[in-house]
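Before any questions on binding or motion, here is one chain by itself as structure tokens, the form predicted on its own.
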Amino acid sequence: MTSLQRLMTTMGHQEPDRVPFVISVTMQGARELGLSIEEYYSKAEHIVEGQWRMFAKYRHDALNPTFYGALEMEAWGSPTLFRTDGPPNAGPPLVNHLDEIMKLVPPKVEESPRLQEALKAIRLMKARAGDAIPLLGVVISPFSAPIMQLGFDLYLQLLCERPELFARLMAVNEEFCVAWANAQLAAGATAIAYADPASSTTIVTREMYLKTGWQVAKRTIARIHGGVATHFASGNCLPILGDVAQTGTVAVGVSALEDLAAIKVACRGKLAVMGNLNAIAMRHWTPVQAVAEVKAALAKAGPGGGYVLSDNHGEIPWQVPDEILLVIADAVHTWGRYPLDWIQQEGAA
């Protein structure tokens, strides 16, 4: 099977030849090319070459042409703060007083040089990869983007005290999110990861989610012209999985802090599951532990299909040793082949 066939079979809740493996080595291409993280992200060509090398090195099942989360804030006018050993972060919040929300206008994708550079990376990567390898685009959900636009404190105040301004901000954010997602799909992305950590039950209650992030997701995903996978970026989601399945998403990225077996049961036949290797703890894993973690995840969620082995956050830290990532890749290719007979054999032993 090609990587695309493997993932499509999995999204259809069937068993492919092997459990798909998607590892979010976004920054690691810089190290591979001998560039600083800031220089790496300065040109589409760097991203394409770096991610192609990552694909060959780790033998995973998707290319990641995206830059970094703060890229979207650049389109809104915010600077990005670069680090030498970690992901770029958004600069100071765009909105310092809630009434400023009324002045916000969604940026136009075609007028943002940085978004255009990201689209160039997708086009170049698509031309090189063809149809055999999926390309995963990313958007920040309209409900989660205000964490960067306003900061947590002001956003919580907005949620609790100013419903009319919340509605205005969601309308503006939804317009941008849909345009940015569809631009990536038009450039050659196979599907879109809808990053929505603010909707996780780590941050809001299910009751609040149903009134806010859930409504936003239903409206937004319905307007995206391709498959969407919702990712909670390490946040818990088990209590809302039945609701998430009604948003139109086809898969869910889940936290390492939750029971993967319980998540698989809750998602069976409704959502494919992506996760949930602990990317933070991964920094300190030994090779033996890495294999054990992979096998445990496969045993809990692999049988029956509908499972993609991945990290829990959507980005592998810069500090994770290359040796461990290679061990994880080898373990998936060794132990992830269906029909996963070894699970029953080891259970019986």
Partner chain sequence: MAGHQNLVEQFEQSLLAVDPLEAERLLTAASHAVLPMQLIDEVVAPALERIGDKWERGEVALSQVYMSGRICESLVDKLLPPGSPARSHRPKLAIVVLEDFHFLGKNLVKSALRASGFDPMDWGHATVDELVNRVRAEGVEVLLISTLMLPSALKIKELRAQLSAAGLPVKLVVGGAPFRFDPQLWREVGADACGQNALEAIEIVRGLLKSAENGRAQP
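All values reported here derive from a predicted model rather than from experimental measurement. Residue numbers count along the first chain shown, from 1.
Below, we refer to the form predicted in complex with its partner chain, which is not included among the displayed structures.
Peer 1: At 4.5 Å by heavy atoms, is each residue in 87, 280 and 317 next to its partner chain in the predicted complex?
Peer 2: Per the other structure, all of 87, 280 and 317 touch its partner chain.
Peer 1: Consider the chain as shown here, without its partner, and state which of 167, 102, 127, 81 has a heavy atom within 4.5 Å of its partner chain in the predicted complex.
Peer 2: Exactly one residue meets the criterion: 81.
Peer 1: Select from the listed residues 190, 141, 234, 112 the one whose heavy atoms reach within 4.5 Å of its partner chain in the predicted complex.
Peer 2: Contact residue from the list: 234.
Peer 1: If contact means any heavy atom within 4.5 Å, which of 217-225, 148-156, 260-268, 68-76 contacts its partner chain in the predicted complex?
Peer 2: In short, 148-156.
Peer 1: Is there a non-hydrogen atom of residue 186 within 4.5 angstroms of a non-hydrogen atom of its partner chain in the predicted complex?
Peer 2: So residue 186 does not count as contacting its partner chain.
Peer 1: Spell out, yes or no, whether the shortest heavy atom distance between residue 208 and its partner chain in the predicted complex is within 4.5 Å.
Peer 2: Yes, residue 208 sits close enough to its partner chain in the predicted complex that at least one of its heavy atoms falls within 4.5 Å.
Peer 1: Please determine whether residue 131 contacts its partner chain in the predicted complex, using a 4.5 Å cut-off between heavy atoms.
Peer 2: No, no contact at 4.5 Å.
Peer 1: Answer for residue 202 alone: is it within 4.5 Å of its partner chain in the predicted complex, judged on heavy atom distances?
Peer 2: Yes - in the predicted complex, heavy atoms of residue 202 and its partner chain come within 4.5 Å of each other.
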